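What follows is one chain in structure tokens, specifically the form predicted on its own.
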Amino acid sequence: MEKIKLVEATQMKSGIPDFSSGDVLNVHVRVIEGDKERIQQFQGVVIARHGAGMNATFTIRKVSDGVGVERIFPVHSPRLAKIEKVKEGHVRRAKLYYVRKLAAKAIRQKTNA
């Protein structure tokens, strides 16, 4: 078990902002298309966090062209270039699955501090 923890400790990222459900994040993701690599931004509301350590993930939801898009990111993934906290939310729950039923404007009003 100690060897596993040592390997995990070397692969964990530093400089990750402290965020929770309801916060608006801007995640910079490395996208590889053929032999080219570019960075794509995904900005939305954090609706859930799962796990701890190397297994930690978070789910972000955004509305793009009237369609809700959710994406799950591993916190310590090498594909993530940067995580920026845009706005801090004020919510009363850990999992915000109910925002799937709300309109985009209602989500903004619910998560503002």
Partner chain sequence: MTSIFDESGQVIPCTVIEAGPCYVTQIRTKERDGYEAVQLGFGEKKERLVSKPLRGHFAKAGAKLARVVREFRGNGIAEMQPGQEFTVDRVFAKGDVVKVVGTSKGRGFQGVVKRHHFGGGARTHGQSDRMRAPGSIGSSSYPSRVFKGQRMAGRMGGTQITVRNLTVVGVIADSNLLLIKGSVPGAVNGVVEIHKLTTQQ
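Computed from a predicted model, the values in this text were never measured in an experiment. Numbering follows the first chain given and starts at 1.
Same protein, other form: the form predicted in complex with the partner chain, not shown, and the subject of what follows.
Site residues Ser20, Gln41 and Lys82 are none of them in contact with the partner chain in the model of the complex, judged by any heavy atom within 4.5 Å. Interface residue among His76, Lys87, Arg49, His28, judged by heavy atoms within 4.5 Å of the partner chain in the model of the complex: His76.
Remark: Ala106 does not count among the residues lining the partner chain in the model of the complex, judged by a heavy atom distance of 4.5 Å or less. Put simply, Met54 is close to the partner chain in the model of the complex: some heavy atom of it is within 4.5 Å. Applying a 4.5 Å heavy atom cutoff to the partner chain in the model of the complex picks out Lys3, Ile4, Leu6, Val7, Glu8, Gln11 from 2-18, in order along the sequence.
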